[in-house]
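Encoded as structure tokens, the following chain is the form predicted alone, with no partner shown.
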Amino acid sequence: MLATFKIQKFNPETDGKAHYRDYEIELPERATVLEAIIAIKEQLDGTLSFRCACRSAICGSCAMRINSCARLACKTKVADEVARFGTVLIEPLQKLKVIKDLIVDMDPFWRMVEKVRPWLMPDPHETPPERERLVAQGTDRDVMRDSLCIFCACCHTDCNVTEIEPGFVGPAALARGHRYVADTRDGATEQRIRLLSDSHGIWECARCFVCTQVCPKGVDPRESIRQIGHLAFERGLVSDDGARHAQAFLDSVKASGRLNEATLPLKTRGLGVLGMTPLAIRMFLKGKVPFPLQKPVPDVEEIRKIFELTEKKR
């Protein structure tokens, strides 16, 4: 199989900016993208720089952008990319400083992970058990799912929120935070939930599911974020703008069966919405301000029954 690759190159010692170089190489039909770039380095361009280690989708070292999506090169088949795109475009992960070619500085990502305190914190007042502490049966599913994360940073760098809010800790960090929230051996559950629902935490998630889509290990960070949000609501941690936005969304749907976009900003930001007055005026002049009074949708009582059943289940 003859495959064409377009790879982003950047050497800070010689290049003013990144550029692309094309390569054509003969590969076996079963070849992965990682095997391809190793072959390119050995046969065509000895200067090509990238990270790799296990070649088995375990270490996460070979994460990179492949045809505009963050993936593990060792888990991506060249034949599949060629069939879909023709050319295999390879770039470094987004939003992280490029050290050389496909190698990025992972330190900012690791700092975000560290913020969620990814280690067990047993209750200091609890009498140490005679045996090791065990995870309670029936509660280990979430712990195991979140523990599958290999910290490749695919979800973090493709996240739409980290694009506009660098302070957002990101889906990988939040999923790892939930791993300890769900662990019955941990004695800092309340503290963790408050930390994860604080500024730059779960409420900044845009609920776009990109993190879940790109995760190469099936971790489902969006589900972990949802579960933390549920626990935060149960504890009344709704002072954040994001939490108030979610509550206002629910109240609106429960009241009329639809989202009232006119009252949502006020209920979300309170008096802080006054800072949006110039924007509101421009929207009004363009006819884009919705009417605040809405008639309930037909059979709105059926929608309210769903809320009632959900509340009873809780």
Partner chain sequence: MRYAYYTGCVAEESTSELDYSTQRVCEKLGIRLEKMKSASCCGASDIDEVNLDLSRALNGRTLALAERDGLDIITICNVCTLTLRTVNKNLKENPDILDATNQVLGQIGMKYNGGVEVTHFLWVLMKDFGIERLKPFVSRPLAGLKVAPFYGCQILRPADKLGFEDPYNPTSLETIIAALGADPVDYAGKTKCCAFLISLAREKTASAVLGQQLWDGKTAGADCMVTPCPLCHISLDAFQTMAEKQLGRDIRLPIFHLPQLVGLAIGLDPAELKLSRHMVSLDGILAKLRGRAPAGVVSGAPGE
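Source: prediction; values computed, not measured. Take the two forms, superpose them, and find the largest set of C-alpha atoms that agree within 1.5 Å; that set is the rigid core. Positions refer to the first chain, counted from 1.
The same protein also has a form predicted in complex with the partner chain, omitted here; what follows describes it.
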For the three residues 225, 283 and 288, which mark the spot I'm curious about, does each lie within 4.5 Å of the partner chain in the predicted bound form through at least one heavy atom?
yes
Q.
When the contact criterion is heavy atoms within 4.5 Å, does residue 147 count as touching the partner chain in the predicted bound form?
A. no
Can you tell me whether residue 49 touches the partner chain? I mean in the predicted bound form, with a 4.5 angstroms heavy atom cut-off.
no
Quiz item: If you check in the predicted bound form, is residue 165 within 4.5 Å of the partner chain, heavy atoms only?
Solution: yes
Classify residue 257 as contacting or not contacting the partner chain in the predicted bound form by the rule of any non-hydrogen atom within 4.5 angstroms, answering yes or no.
yes
Exactly one of 106, 214, 188, 88 comes within 4.5 Å of the partner chain in the predicted bound form through a heavy atom, and that residue is 214
Answer key: of 205, 219, 102, 153, within 4.5 Å of the partner chain in the predicted bound form (heavy atoms) is 205
Only one of 108-116, 169-177, 125-133, 196-204 sits within 4.5 Å of the partner chain in the predicted bound form by heavy atom distance, namely 196-204
Looking in the predicted bound form, the residues of 248-269 with a heavy atom no more than 4.5 Å from the partner chain, listed in order, are 249, 250, 253, 257, 258, 259, 261, 264, 265, 268, 269
With a threshold of 2 Å on the C-alpha, tell me if residue 32 counts as moved between the shown form and the other one once the core is superposed.
no
Superposing on the rigid core, is the Cα displacement of residue 12 between the shown form and the other one 2 Å or more? no
*Is it true that residue 22 shifts between the shown form and the other one by 2 Å or more at the Cα, once the core is aligned?*
no
